[in-house]
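Below, in structure tokens: the form predicted on its own, a single chain.
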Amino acid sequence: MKKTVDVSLPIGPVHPVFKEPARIKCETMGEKVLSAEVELGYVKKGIERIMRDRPWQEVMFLAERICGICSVIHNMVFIEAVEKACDIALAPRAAYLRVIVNELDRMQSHILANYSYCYTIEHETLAMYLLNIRETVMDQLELLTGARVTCAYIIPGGVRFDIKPADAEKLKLALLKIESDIRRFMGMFENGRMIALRSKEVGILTPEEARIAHAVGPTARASGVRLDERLNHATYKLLNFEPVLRDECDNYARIMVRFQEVLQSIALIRKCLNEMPAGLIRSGGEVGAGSYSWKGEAPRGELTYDLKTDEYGRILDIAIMTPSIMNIEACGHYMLKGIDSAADITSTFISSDPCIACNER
């Protein structure tokens, strides 16, 4: 009697659709994926070790270089952890400016994630449209902070620059264009037949599986799990923030959550521009001895900085927990298992928006 042989299918670490190196090791029977494991460790930087015994001014720049796709939230969570550790007050106007820049960064990250997914399923037209509108978002980051990627905008007690009235008007006009284009692209994604075949009911992650794997960010919210660190942030509470949730639990849902969150970010920025109080953008304060653990919501989910400083503001110890490791775990153990076509392995992996740079810090 002839025995059916399972095939080991390695993908990566170098692959045309991967932004960063990782290897997916799959066990398959024909086209069906029986099990999968994601292997990391190709670009380890040792950045946490480099941060120790350095002044906070240097560590601030190192923090946002952990990841070039979500640098603002690393800057924000690190500085807010320092503020909490050293009892530094935040200027009220600066709190709103932080949200504006953070949400712009979330927008460009989500758009890039959806570009990567569309490119992976070979919908290159929509992928290029998304990459183009992302440039408009990056231009707004540059307008407000002077830089497109590593902005170093957030400092203890406030931010570096205020927003000029003329720049606020430019931002509002840009948001109108971005909103219009994103709604159009969402329609293309929702109604595309090929997209539906490659995305709906593919890469299922049930709510229970999401909880077991401790999935976070859009990956968890696309499975109906109400989990978002912005719910615990003082400024977002003032903005009556509520997370975007979907219940399809598949690749389609994860991309749609990111599209919806881009529109939500636009609404939050507009609210900040309208409700932002007048006044100073820096409260002063001095970094001294202290320790604190603080969380924020990165584009991919919960980001934690646990740090300790001495009386001179040097970082004695620091530990960082980034969100992608949990989402990669959820992908390897649940989302990839049972996929009917090996062609959907890479798109399912990309749907979780894995950030290897954050994990390989």
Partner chain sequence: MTAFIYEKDLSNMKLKILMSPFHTRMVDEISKKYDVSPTRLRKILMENFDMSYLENLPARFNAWKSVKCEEGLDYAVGATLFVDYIPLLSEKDAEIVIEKVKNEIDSGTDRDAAILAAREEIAGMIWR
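For clarity, every value in this text was computed on a predicted model and none was experimentally measured. Residue numbers count along the first chain shown, from 1.
The same protein has a further form, the form predicted together with its partner chain, not shown here; the description that follows concerns it.
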Inset, instruction - Using a 4.5 Å heavy atom cut-off, state whether Ser35 contacts its partner chain in the predicted complex. - result: yes
Inset, instruction - Answer yes if any heavy atom of Tyr312 is within 4.5 Å of a heavy atom of its partner chain in the predicted complex; otherwise answer no. - result: no
Inset, instruction - Give a yes/no on whether Glu48 approaches its partner chain to within 4.5 Å in the predicted complex, heavy atoms considered. - result: yes
Inset, instruction - Spell out, yes or no, whether the shortest heavy atom distance between Leu40 and its partner chain in the predicted complex is within 4.5 Å. - result: yes
Legend entry - its partner chain: the contacting residue among Ala289, Ala267, Leu197, Ile212 in the predicted complex [heavy atom, 4.5 Å]: Ile212
Legend entry - Stretch 308 to 327 - residues with a heavy atom within 4.5 Å of its partner chain in the predicted complex: Ile318, Ala319, Ile320, Met321, Ile325, Met326
